[in-house]
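The same protein chain appears twice below, in two forms, each given on its own as structure tokens and labelled structure 1 and structure 2.
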Structure 1
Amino acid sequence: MNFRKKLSTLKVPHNKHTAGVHSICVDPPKEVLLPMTMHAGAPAVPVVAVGDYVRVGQLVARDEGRFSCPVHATVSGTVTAIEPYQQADGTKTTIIRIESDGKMERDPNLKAPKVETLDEFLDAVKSSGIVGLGGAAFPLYGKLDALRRNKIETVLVNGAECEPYITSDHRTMVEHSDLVVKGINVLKKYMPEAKFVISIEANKPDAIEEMKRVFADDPTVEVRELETVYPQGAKQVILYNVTGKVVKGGQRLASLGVIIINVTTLSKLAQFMEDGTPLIDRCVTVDGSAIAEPKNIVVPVGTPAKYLIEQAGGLSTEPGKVLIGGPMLGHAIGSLDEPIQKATNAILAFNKKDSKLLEPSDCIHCGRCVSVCPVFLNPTAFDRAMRLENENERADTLERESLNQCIECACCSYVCPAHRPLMETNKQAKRFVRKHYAAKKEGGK
């Protein structure tokens, strides 16, 4: 991975309309849909049956295999179905449908975990179902497992939230600074020599002020104001901009003595360690030119997008596109019944004018995609490789061009004057490479 002295970044419109809007809690929806693949890793396996009554926080699916993650009931009510489900991105999974009784009865077995050793702590975190809430959805225990093997010198608490519109992490820092403090204190027990750096973009002055206030007397915690650019929150970018370190392809951050943890993830860890509440809800930014009343709304995981939009005053006009996630990294949904997942931080609905698709044309070899790539890759090389007929040659070319180092930030697509879907091509290429080499490995047995 090659880095310039100053990483290439973009100045994108902030559109942080809800930055000053206090998050609200609403009544639970009539039904939640819980996919078994709300995390990076192997799918969870249901442990309940149709007809079972479940309470908030009760285990409904166990983790299975490497870096899997358990799933918990997010409402109290009755399991009405366990069935196949095709998600908006085309992938297939299994979902558990729970019809809410509106009572939100808490599982009486939930209590603060008792931990004394690192092993007990990691086992507890594994049972919490907490994943990285910055977007990757990697199980938190998998990240913290690096403490067994590496001496962590720096913990970067990622509060950058660089995507346009999204302000859910911002509201965490302003409204729940006590949980951020508690989360850092939890980690200090297992990283007593580490320095903590809370990294926040400059367009969140109230969050910066609040973090400085609550950590004013703690010399082990630094609040770092970062330039407001995209993709400041990407792990490779924030790592370099804060520490000057570079992570190479295939290298784990922990081997550099660094762990990066999203600020809302940290607050969820604090809540779990305090009272045993697993990851069951999310603060979601609901915004966009087709939303009547943009808001930050706390809802159970599995809540349909339609319900969130209703709580934000409904649609002000017929939408041309609805996204789960941000405009750079999110994906369009074809149905408002699509549920939010553990790592969902936004529902954005745009009017038809703002959703108009521009017709792609031939590459003009301007080099803009190369110039803005934070990790100095050549997206056009991936595009050309995907057009090769020979699959072996295609896979070898993609690997040679360091496809796996693409951080999928969409900077290339954003600046392309030919409107080519470069990031989507990169995603397709990654799926192809994984499938290709898995088939070769299987065939070699």
Structure 2
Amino acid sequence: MNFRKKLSTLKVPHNKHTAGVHSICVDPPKEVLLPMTMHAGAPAVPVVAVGDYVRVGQLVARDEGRFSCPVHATVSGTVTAIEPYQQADGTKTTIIRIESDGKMERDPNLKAPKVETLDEFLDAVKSSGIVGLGGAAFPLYGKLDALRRNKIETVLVNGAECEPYITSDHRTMVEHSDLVVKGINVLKKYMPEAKFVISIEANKPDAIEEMKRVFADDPTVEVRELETVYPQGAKQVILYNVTGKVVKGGQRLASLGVIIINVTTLSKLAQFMEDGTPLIDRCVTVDGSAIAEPKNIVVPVGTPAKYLIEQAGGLSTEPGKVLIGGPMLGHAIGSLDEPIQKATNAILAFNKKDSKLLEPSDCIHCGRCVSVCPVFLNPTAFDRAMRLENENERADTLERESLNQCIECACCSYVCPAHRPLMETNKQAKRFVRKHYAAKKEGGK
């Protein structure tokens, strides 16, 4: 039985230092690294060879398999290597290295896709390489595929951007409101009955004002101001707070008649429909206590972190930790050569003081994790279950505690006074349960 109706959330420090600064475009880096797994789904397969000359926007890897997504050259130049690569999160992938010739010569074959039917539209979106830029990196065509089956009543345009520091979606709304309008107009064609709700946290008044201005005459678009709390932008949370709906375990969001699409994703879709530009560049927030001049920078996908930091005035002090993504959910990287990917919205570098690791101690059962969990889980129960010796018992307990409903928002780890890595344990628990039941199924055959 739940004691509260409202979803729990956290007040985290915003640190949106770059919110008021216009994003800048910079010269391309000398080299880009394009991983084949910049999306959720099967890896892309390279279609170029070492030594090939490629132009901006040219296909370098095609999609292959379930929810795979093509990759395009993000600079013009020569393919110097196609090699195995270990990513920041430890997963192994293949990367294509392209040495830039500095010319940024655009592929002359790129032009606005001619689409009439839904099938043609979805095929075009598939070829664009666009993925959800809010963080999940789920291929956009996979999300829009729901249009074939479900009647979409509400399109929730996610401009919450609840992670501290990051302002790239914010800047998109302020600087490229025209693209947001165009993006919505593209979608309208295929879901004429849908209502659009642009949802923005209250700490972005200029973005709210700009969106209200450009959609003033459009009755199908509502601009909704949301409370500035973390994790307001998480799928389950924003869905509940805006529509009052809940996705059940194993249920698809679209079956509720709702699609959630990140505002920058929408702008990239608009750009693609306008002139055929696939997803090749993006706005990245460079910030943190070790960055000299925090700012938003538009760079080609695959640009190494080091280059972005240089463009933001370099490091002001010896960094202790460098993150790809926000401080709540981002990955710490071990090397500044790590490239930004399609869904990377920030590079954050922190000084030694801000990078101190906290020593975990035993759970004191204080219940802070339970009271902050937006989806009413008991994170410490997962932590306890993971210490069970018996694997069957462990898997069953985790399932019983609805482990799979965990949205991995890190609120539990953030508040834990014993400094236990609760979210990380949940991720490990999910991997364990998947493996355990897969092995059982295998053994049963």
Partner chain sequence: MEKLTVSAAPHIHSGASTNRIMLDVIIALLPVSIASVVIFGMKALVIIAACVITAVVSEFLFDKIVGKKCTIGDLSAVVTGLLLALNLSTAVPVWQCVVGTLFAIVCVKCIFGGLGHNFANPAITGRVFMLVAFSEVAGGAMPTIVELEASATPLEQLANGGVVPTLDKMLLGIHGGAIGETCIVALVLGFVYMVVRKVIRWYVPVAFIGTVFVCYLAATGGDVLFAFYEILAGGLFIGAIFMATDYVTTPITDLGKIVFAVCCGLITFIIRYFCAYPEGVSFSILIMNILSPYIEKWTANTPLGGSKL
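Rigid core (definition): largest C-alpha set, two forms, superposition within 1.5 Å. Residue 1 is the first residue of structure 1, and the numbers go on in sequence order from there. On a predicted model such as this, the values are computed, not experimentally measured, just so you know.
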| property | result |
| --- | --- |
| Selected structure - criterion: the form predicted on its own | 1 |
| Core-aligned C-alpha movement of Lys435 between structures 1 and 2, 2 Å or more | yes |
| Glu408 C-alpha relocation of at least 2 Å between structures 1 and 2, rigid core basis | no |
| Exceeds or equals 2 Å, Cα of Asp396 between structures 1 and 2, core fit | yes |
